[in-house]
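Before any questions on how it binds or moves, here is one chain, the form predicted alone, in structure tokens.
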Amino acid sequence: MSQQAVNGVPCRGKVLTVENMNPNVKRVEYAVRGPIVQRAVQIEKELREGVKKPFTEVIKANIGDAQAMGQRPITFFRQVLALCSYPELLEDNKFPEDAKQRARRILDACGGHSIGAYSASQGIECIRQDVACYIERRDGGIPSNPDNIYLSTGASDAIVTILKLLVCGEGRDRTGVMISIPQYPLYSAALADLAAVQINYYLDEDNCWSLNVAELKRALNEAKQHCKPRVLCIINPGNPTGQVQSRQCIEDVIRFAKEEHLFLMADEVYQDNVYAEGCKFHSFKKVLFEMGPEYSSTVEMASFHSTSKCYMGECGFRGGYMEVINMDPEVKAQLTKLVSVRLCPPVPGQALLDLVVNPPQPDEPSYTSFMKERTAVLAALAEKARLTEEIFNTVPGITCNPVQGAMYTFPRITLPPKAIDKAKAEGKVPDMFYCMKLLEEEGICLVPGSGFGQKDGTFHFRFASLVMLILQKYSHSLNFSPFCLITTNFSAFHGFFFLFFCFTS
């Protein structure tokens, strides 16, 4: 509608307004970078401007951004990427020969011998071949076809792409997608954007966030009343809960998917992050094929991996892949068409992925240093996970399950009734209220459990154990042991929780 004229010229309103924009977008929420994180950024700006706070910096424990938390990149990866980015360095004697060989092979596969050129939409062919070889090695020789490999912009891009293929229908025939609660908010955000039906199944907190098939059946049967369940999403190792599924559990899930005619989505981006004694990563594909042709020839599945996590921590390069299993050839043609719309994944990210799946071998000059760095990073992550669990369980009012894998824990917090009432009076979810207070008073940035989903009446927060790397870094300059410094920093939780309880109880 035209607004009041200025100098005789009618003024029009905006073409795009909050009222007429895509309503699905307004329903999208992404807690990992939500209001608390936005406030943390504001506080950091205030600190730089000299505003006095009870703390001197914000400790961001909200996201699994390894290198932002102080994790050093793997030297071999950066050497090859440097050579690919600036090929003149291939003449420099400072670079080992195996790094140069990798760079030449990648450049030879690029248009114009440059990683600045577009690649094929599905990804560079020789890199897809290397991914297939990696999967075969990982899974004990079970074949992998490069034509079933799609390189992607991190795992997130591939996950959303598969969901686009799967979502259809109207009303009670609308696609229902089963996701774990707690869940990684990518899933709920993507489902909101696609107007799909989110079907929640709850992980068992009392049993270390285990997955129970009886709970899957409950969720599925209830959902059948208002949608058509077609998809089951699994995150293993778990985000935000840090559990690692047993082989028996995976077998049970595969049987359930077959019986209920569900498409399986296996998010396995933390497959190298397994810490707890007795735990082991089992890929869904490996278990599927070891269960025999009854399952391996019928169950439709897509699995996902990324360069952002594990020991790599190369979040910014946005490298990843998916492998599709038993996909209808006509649907696969549509998938290839769909990924072609965005031209190609970032080529530097593809190059990095190639190094992850094809690292230095024992007879190559970079092998010893590569393995030393890889082992050190994984050992440090395991220690941070152990400390996170141990220290949280010393804080009154907080209980923390063992961190079996991944990079997070999801502790439960006990909030007093008056705190809950105060939060409601301010129009906030109680754990959001708690986390915002913790940020304002202690400078610790967490994500409330409500952003991931949780059982009614319980409250949690997600904590990225990577933050321990920051505290460990400071310990060196202050001549404190990492454990002592971590304990000192976590005294903020002790003191804050005590005061929070006293003033709101």
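Since the structure is predicted, the reported quantities are computational estimates derived from the model, not experimental observations. When you see a residue number, it is the position in the sequence shown, counting from 1.
If you look for the form predicted together with another copy of the chain, you will not find it shown, but the lines that follow are about it.
Decide whether G427 counts as a contact residue for another copy of the chain in the predicted bound form under a heavy atom distance cut-off of 4.5 Å. No.
Considering non-hydrogen atoms and a 4.5 Å limit, does another copy of the chain approach L186 in the predicted bound form? Yes, L186 is a contact residue.
So, D421 and another copy of the chain: in the predicted bound form, are they within 4.5 Å at any heavy atom pair? D421: no contact with another copy of the chain in the predicted bound form.
Contact label in the predicted bound form: K309 to another copy of the chain, heavy atom within 4.5 Å: It does: once another copy of the chain is placed as it appears in the predicted bound form, K309 has a heavy atom within 4.5 Å of it.
So which of S340, T394, N221, N212 reaches within 4.5 angstroms of another copy of the chain in the predicted bound form, heavy atom to heavy atom? None of the other options qualify; the answer is S340.
Between the options C126, C133, M371, A117, which residue brings a heavy atom to within 4.5 Å of another copy of the chain in the predicted bound form? The residue in contact is A117.
Considering another copy of the chain in the predicted bound form, find the one stretch among 323-331, 246-254, 199-207, 375-383 with heavy atoms no farther than 4.5 Å from it. Selected stretch: 323-331.
Contacts with another copy of the chain in the predicted bound form - residues in 258-277 whose heavy atoms fall within 4.5 Å: Contacting residues: K258, E259, E260, H261, L262, F263.
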